[in-house]
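Presented as structure tokens, the chain that follows is alone, the form predicted alone.
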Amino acid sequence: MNEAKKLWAEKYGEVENTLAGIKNVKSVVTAFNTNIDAVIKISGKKLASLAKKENLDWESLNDISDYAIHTPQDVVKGAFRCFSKGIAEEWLIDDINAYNWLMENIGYDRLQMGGQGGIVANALSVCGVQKVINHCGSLPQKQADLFLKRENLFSFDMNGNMTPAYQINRSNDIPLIHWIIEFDKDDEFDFDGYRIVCPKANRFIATYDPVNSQLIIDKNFISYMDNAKAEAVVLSGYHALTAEKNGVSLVEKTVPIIEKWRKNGAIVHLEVASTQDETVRKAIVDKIASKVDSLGLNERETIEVLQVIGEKSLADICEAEVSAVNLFEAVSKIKQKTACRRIQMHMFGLYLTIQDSNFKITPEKTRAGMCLAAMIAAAKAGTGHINDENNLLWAKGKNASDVGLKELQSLSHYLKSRQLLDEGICDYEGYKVIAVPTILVEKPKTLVGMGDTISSVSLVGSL
């Protein structure tokens, strides 16, 4: 293990140069979803009191039908599910009364940038991309205040002019507020004779968003992109759609947009995100995954994709044991079914990428981007934010985690490749496999937007 740590310390030693190289990236676009996150950390005891207040017992607390929020009780059920399993999920609110209940009974500790588009835009602007262009479906002052005050980060004002995002106030737009309810690892509480212990720090997201839930796209953004060249587009926002509200057709209408971006030379990356509506999830996989250059997934999202590509037994295996070997099989299967050129999966302790042998980014550059992403993710977890360049390399000098190295060792043994353990790169069945053990922070100050940061920095850091 010590020898492996030394080898990976050398690779992490190159991160500073990788970060400096991002300043050569001229233009990256982030779309479609940007919103306001209302973040609050709640204890198990608070969760128990809310359950009692809403007249829930053990049986009703676990009675979940459609992973959506119709009533205040559904908020408590979703939060309990994520707390007890240590998982992250996002459920959509379809009733204003549940929104009002959240405001009155839970509130928030702070407001921060939300939505993959907004989070990624802030992160990439700090990393030094020359021009970051963000799509924002709603940009009132409250939203603009959450963009970093940086002159390399742009969106579009009410007149269609590209302007530094923090300076914009589209005063007719409404604030789009999502609740991020966070839990601590090992927090515990008793309820109806049961003891519940949170196995992993994570969060439950309750979303009320009439703009992003209809994938309303700013025409000024589209007009600009028709004539502009970007080196990469980091795409997300489909997970907020539902089949009941035309979700499949909304997915389909973006296909020609994506094809045009790729034709104009952009590498298009889709951050899959946890999509609760299975019909929409299947549409994303069937209609978008093969049209983009790259997919980003965490372990939960990987399992959810398996469920809609006819691989439920493999999904059950991964659900029962979240391991690098099982998830490698999962990502391999997703790659076969979607024909996407590059898929990156991040799990606890390890990042894994499978890409075509002739992919336009070399495995060595992919590994460098993944190492940079791991360093910046650790900085975000350790400091609480990466709004300042001085925070980006906070984890410099820290070792790759034992958890990650053990997972890498297990995967290397499974693939019969010592090279994967030593170099993080190997060939497998005509593909390139790249795996990086990550730097873990024992008590993270935040996990919000972690996956988005990992995926976007991995890609842009490899350009």
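Just count from 1 along the sequence shown to find any residue number. The structure displayed is predicted, hence computed values, not measured ones.
The form predicted in complex with ligand GLC exists for this protein as well; it is not shown, and the discussion that follows is about that form.
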Given ligand GLC in the model of the complex, answer whether the residues N35, T207 and G449 all have a heavy atom inside 4.5 Å of it.
yes
Residue among E329, D286, E90, E311 with a heavy atom within 4.5 Å of ligand GLC in the model of the complex:
E90
Contact residue in the model of the complex, from C136, L297, A377, I119 (heavy atom within 4.5 Å of ligand GLC)
I119
Heavy atom contact within 4.5 Å of ligand GLC in the model of the complex, the stretch among 332 to 340, 302 to 310, 108 to 116, 154 to 162
108 to 116
Just checking whether R281 would be counted as a contact of ligand GLC in the model of the complex - the rule being heavy atoms within 4.5 angstroms.
no
Can you tell me if I354 lies within 4.5 angstroms of ligand GLC in the model of the complex, counting non-hydrogen atoms only?
no
I180, heavy atom within 4.5 angstroms of ligand GLC in the model of the complex:
yes
Residue-level question: is H239 within 4.5 Å of ligand GLC in the model of the complex, judged on heavy atoms?
yes
